[in-house]
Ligand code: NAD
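In the block that follows, a single chain appears as structure tokens, in the form predicted alone.
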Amino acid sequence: MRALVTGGAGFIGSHLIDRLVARGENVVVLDNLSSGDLAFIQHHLDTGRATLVEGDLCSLEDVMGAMALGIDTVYHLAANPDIRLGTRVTDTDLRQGTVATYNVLEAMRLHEVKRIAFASSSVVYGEGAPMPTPEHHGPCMPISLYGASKQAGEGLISSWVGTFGLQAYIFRFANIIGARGTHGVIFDFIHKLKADPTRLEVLGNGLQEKSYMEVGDCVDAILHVMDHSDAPLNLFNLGSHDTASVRQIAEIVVEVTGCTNAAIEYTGGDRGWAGDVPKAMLAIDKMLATGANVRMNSAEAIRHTAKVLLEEIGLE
């Protein structure tokens, strides 16, 4: 078996490649290295179990080159990693999300690759969805450009399933955190405390509340669901059993970093930035029904992440 992982040098992609290689699969990595890190996958490249194609998903030619290498399954994880960037450069998610996903699907059609897993997001549900939110909730009305691009990607994929006979797995992620993280609230808090150990600025009022899933749990769930669900189009939420507030995250990071005298200061308002959904929790009953499990709850995943990122940054 040979898998293509878009964004494979990135946070979630590199963990997925670890699992795929451990299962005996060969992997082609398509990444432009704009936010990924080759160090995450270099050992797989060195052993020959993974092959890097440095290319841009916004180029159909680049995607076609990777797809020509005998691919059985595509794991499409690449996307703009910074949701807030879309508020300043408004075509970012259109290009790196919607157009990139079209290029992946078109290259699959042309090379007769029939199986895809897609990293979508809880943000497609928008604001005001019931908590926990089931997969059948709708209509989905995202409030961020990132969320709109994910919803567009889902629509393109379902249309390729219906028109060209693909089999697809769409995974709506909660907030995925863990080792090798290069952005996000925990990463930001650690760097803020590194710059000033006496003060931690928190965007919003700290009452924002979301589910957090450790990245190992996430990639294990992806592979488990794909092994145990075989419909033409499969839609699953992936998340944890509970939520944590931004205030809790700030307190955990302050404790783990040892900056216990830091003053936690809130900028106010019910959200961190335009397009942020302040409260979100996914229903994961469908995922659990396949036999998939979650080892860490939100607080455990946050504490684990703070510790491993401290070690990776070199502050431990």
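This structure is a prediction, so every number in the text was calculated from the model and none was measured. When you see a residue number, it is the position in the sequence shown, counting from 1.
Just so you know, the form predicted together with this ligand exists too; it's not on screen, but the next bit is about it.
If you check this ligand in the predicted bound form, you find a heavy atom from every one of 31, 77 and 146 within 4.5 Å.
Heavy atoms within 4.5 Å of this ligand in the predicted bound form belong, among the stretches 137-145, 151-159, 195-203, 178-186, to residues of 178-186.
Residue-level contacts in the predicted bound form: of 21, 12, 292, 306, one residue has a heavy atom within 4.5 Å of this ligand, and it is 12. With the partner removed from view, the residue among 98, 243, 73, 120 that has a non-hydrogen atom within 4.5 Å of this ligand in the predicted bound form turns out to be 120. For residue 56, a non-hydrogen atom is located within 4.5 Å of this ligand in the predicted bound form, even though that partner is not displayed.
Remark: residue 174 counts among the residues lining this ligand in the predicted bound form, judged by a heavy atom distance of 4.5 Å or less. Although the partner is absent here, residue 81 sits close enough that one of its heavy atoms falls within 4.5 Å of this ligand in the predicted bound form.
Within this chain, residue 275 is remote from the site of this ligand in the predicted bound form, having no heavy atom within 4.5 Å.
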